[in-house]
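Coming up is one lone chain in structure tokens, specifically the form predicted on its own.
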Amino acid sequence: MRCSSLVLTLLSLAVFSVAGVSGPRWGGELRISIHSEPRSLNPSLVDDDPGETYRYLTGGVLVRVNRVTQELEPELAASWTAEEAGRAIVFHLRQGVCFSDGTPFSAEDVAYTMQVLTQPGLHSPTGDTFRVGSRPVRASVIDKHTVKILFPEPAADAARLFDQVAILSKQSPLKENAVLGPFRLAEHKPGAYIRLERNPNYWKTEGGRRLPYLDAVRLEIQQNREIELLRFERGELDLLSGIDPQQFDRVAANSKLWSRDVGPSLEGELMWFNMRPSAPLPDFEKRWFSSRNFRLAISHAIRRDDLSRIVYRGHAQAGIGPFSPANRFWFDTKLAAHQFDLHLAQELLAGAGFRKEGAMLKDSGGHAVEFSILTNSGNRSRERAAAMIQEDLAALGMRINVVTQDFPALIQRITQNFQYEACLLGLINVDLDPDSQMNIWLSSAADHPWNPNQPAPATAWEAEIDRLMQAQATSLDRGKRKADFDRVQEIVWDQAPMLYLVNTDALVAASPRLRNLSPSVLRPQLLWNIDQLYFEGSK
């Protein structure tokens, strides 16, 4: 089989370009930073933002959600059809496509990828999104260019799930390093950088020449956001996404740099407590964190408006739940943010047996309420938010310690040894559909933040969330799905296993020489059309 060049039908994008430029230029290296070493470069095991960036740049997918229109578009699958009353999807694959090392792409690779993702012992975050019903998802090869994905039950909008599935090669000796995306791995120096080079076999072309326009992408591992900004201002980095609001205002004031506040995003800052029964915490702390009254009291003692105004400089709004109001269909409009109400917080704590002794809050056993909030170092907004929460909770008589760690060590603590009490991090929504959050809400999922990998739901309300998430995922009635997910949002609002603090705006900046930028509120905000980006002039 010979790999052929396929003509790309260009997307209709609202792009930012420059009048008078004759056309896209080829070549150059895009330099961006990631804030930690990816935990894995294996696309099946990606569970952090740096790994997701790497997967997006290298992984080829069957379908892709256009980050601007939010509509589903064909990629490696030229077309697809739903069959068997919504229990199956048949993908019709493009022909003449090869992996980066020249290995032909076929339906066998799609079936192999699904087999890998759904291995019970793998605990793949991507695989968790395909857990519909009690039986596994199965893939069957119809012919070389046709594959059927069979779900145990009807799967609503299931094609959208494949936006996150980077297809693996079954035959290539390079294994996961054989890729179908625009770039392939060229060099990896752990802790320093990852350099990607153009995939010589990338299937999209423009004017008879294979995309992408860029020769390479260099991912600099830079945890310190201030150094990242300085390097961007000096022209040593070409893109910034998810910028600290104070840094964004500084960039926006520089007329020589390109920046945009794209508006309210689907991302939020949130806090949760360690409710894992086997966690190495004192029993009395476990009782605190498992108390609905305790969690709600803390939520009502936090001044979200101050967080939005002071920490995020007006580039944020009070958080409400799993989705922000920017998700116009799926957001539950009946809900509002937990309001600051110190009197209500004190009543909730009293109802759970807590009492003030002098300036210190104590539980019914006489234990002083003191715990630590863990967050990642180098993220100035989170560090400032944690400090403000520390002050807010002092009004209840709680003593809060703020602990910062580099991201890999933090992930180790919240997913492996569970040596933490509370954690403050961000939630990244990669799609508008609630199915993309199956790995968060299923009690058995590896990414269930407060108590992952449960053999059975630890609480009745978690069991109800499991039931509702499975029900909405298997219904073909969009109205019924909406009602089920509204109920999930209401349970989360009422039980407060995670405290939604703020929803942030999408803040981005780029080199003024970079063209075809099409910023989105969805991740990756500036890299989603990476094969279309180019530099004006030589690079």
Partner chain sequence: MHNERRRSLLVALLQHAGWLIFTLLGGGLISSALVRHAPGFGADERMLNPLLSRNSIQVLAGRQAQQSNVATYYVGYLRRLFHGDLGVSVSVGRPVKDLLAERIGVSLRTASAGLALAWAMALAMVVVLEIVRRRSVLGLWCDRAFTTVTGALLCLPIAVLAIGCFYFGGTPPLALAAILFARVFRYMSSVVRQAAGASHVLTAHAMGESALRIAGWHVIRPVLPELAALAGVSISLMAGALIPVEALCDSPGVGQLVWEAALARDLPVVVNITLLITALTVVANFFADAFRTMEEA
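Not measured: the values here are computed from a predicted model. Positions refer to the first chain, counted from 1.
The form predicted together with the partner chain is left out here; the points below concern that form.
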query: Distance check, His123 to the partner chain in the predicted bound form, heavy atom within 4.5 Å; finding: yes
query: Contact of Ala85 with the partner chain in the predicted bound form (heavy atom, 4.5 Å); finding: no
query: Close approach of Asn453 to the partner chain in the predicted bound form, 4.5 Å, heavy atom; finding: yes
query: 4.5 angstroms heavy atom contact with the partner chain in the predicted bound form for Ala395; finding: no
query: Option touching the partner chain, based on a heavy atom within 4.5 Å in the predicted bound form, out of Ala336, Ile142, Ala409, Ala460; finding: Ala409
query: Position in contact with the partner chain when the complex is considered in the predicted bound form, options Ala253, Ala359, Ala192, Ala350, heavy atoms within 4.5 Å; finding: Ala192
query: One stretch from 410-418, 262-270, 108-116, 328-336 that, in the predicted bound form, holds residues within 4.5 Å of the partner chain by heavy atom; finding: 410-418
query: All of His92, Glu206 and Glu536 with a heavy atom within 4.5 Å of the partner chain in the predicted bound form; finding: no
query: Contact set, 434-460 vs the partner chain in the predicted bound form - heavy atom within 4.5 angstroms; finding: Ser436, Asn439, Ile440, Ser444, Ala445, Ala446, Asp447, Asn453
